[in-house]
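Starting off, we have a lone chain in the form predicted alone, written out as structure tokens.
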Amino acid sequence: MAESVDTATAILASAAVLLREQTFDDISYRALADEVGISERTIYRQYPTRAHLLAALSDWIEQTCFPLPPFVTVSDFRAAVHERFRAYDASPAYAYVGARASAISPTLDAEPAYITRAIEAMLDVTAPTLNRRDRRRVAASLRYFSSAMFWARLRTGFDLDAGEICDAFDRATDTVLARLPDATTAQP
């Protein structure tokens, strides 16, 4: 017996299928409704604006296509981001949705993303005496450099591949972490 899928998930999964053939801007609510087999009105009830749909689709794609492995150390963080950047290269249309969604005003909960919380936890271990304000600043920098937006800017603006983007990420991460006061980093 097939497992039932809720309407919101069916809409997002169908939008992801349509993304294989067209851009997000080219996907109409009518075409999406036809793909799912529901009314256009039902789409609007779930996602009143395209910004709502984009944000939800981005979150869904991140969770289903680009899950980030858990990390505790900076080394694990780098490996996880490298893996994600290679996955972005394999599915650029999906990665671009994530990049675009991060550029719009938030439409969903203001809860910090998993990656933000994980980076802050990593910094709690890596730099235990770092004050709250500086920890948030470092976390924000690392969050950006590990984002689909960073990947997309380097991919489209400089025609870099995943390996080259990983190198740029590593250099940016090194620069951010090198600015931490020596007294804040955990000693082995």
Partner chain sequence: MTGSTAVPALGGTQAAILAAYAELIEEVGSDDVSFRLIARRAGIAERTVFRNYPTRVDLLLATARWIEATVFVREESHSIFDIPLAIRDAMQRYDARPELAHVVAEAAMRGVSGAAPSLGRVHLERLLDAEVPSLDAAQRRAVIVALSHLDSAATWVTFHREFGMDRRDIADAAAWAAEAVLDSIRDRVAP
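Because the structure is a prediction, the values reported are computed rather than measured. Numbering follows the first chain given and starts at 1.
Omitted from view is the form predicted in complex with the partner chain, to which the following refers.
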Find out whether any non-hydrogen atom of T49 is located within 4.5 angstroms of the partner chain in the model of the complex, and reply yes or no.
yes
Within 4.5 Å, heavy atoms only: does A140 come near the partner chain in the model of the complex?
yes
At the 4.5 Å heavy atom threshold, is A90 in contact with the partner chain in the model of the complex?
no
Exercise: A101 in contact with the partner chain in the model of the complex, heavy atom 4.5 Å:
yes
Would you confirm whether the three residues A31, G37 and T64 all fall within 4.5 Å of the partner chain in the model of the complex, going by non-hydrogen atoms?
no
The partner chain: the contacting residue among M122, L68, I43, A152 in the model of the complex [heavy atom, 4.5 Å]:
A152
Could you run down 142-170 and flag each residue that has a heavy atom within 4.5 Å of the partner chain in the model of the complex?
R143, Y144, F145, S147, M149, F150, A152, R153, L154, T156, G157, F158, L160, E164, D167, A168
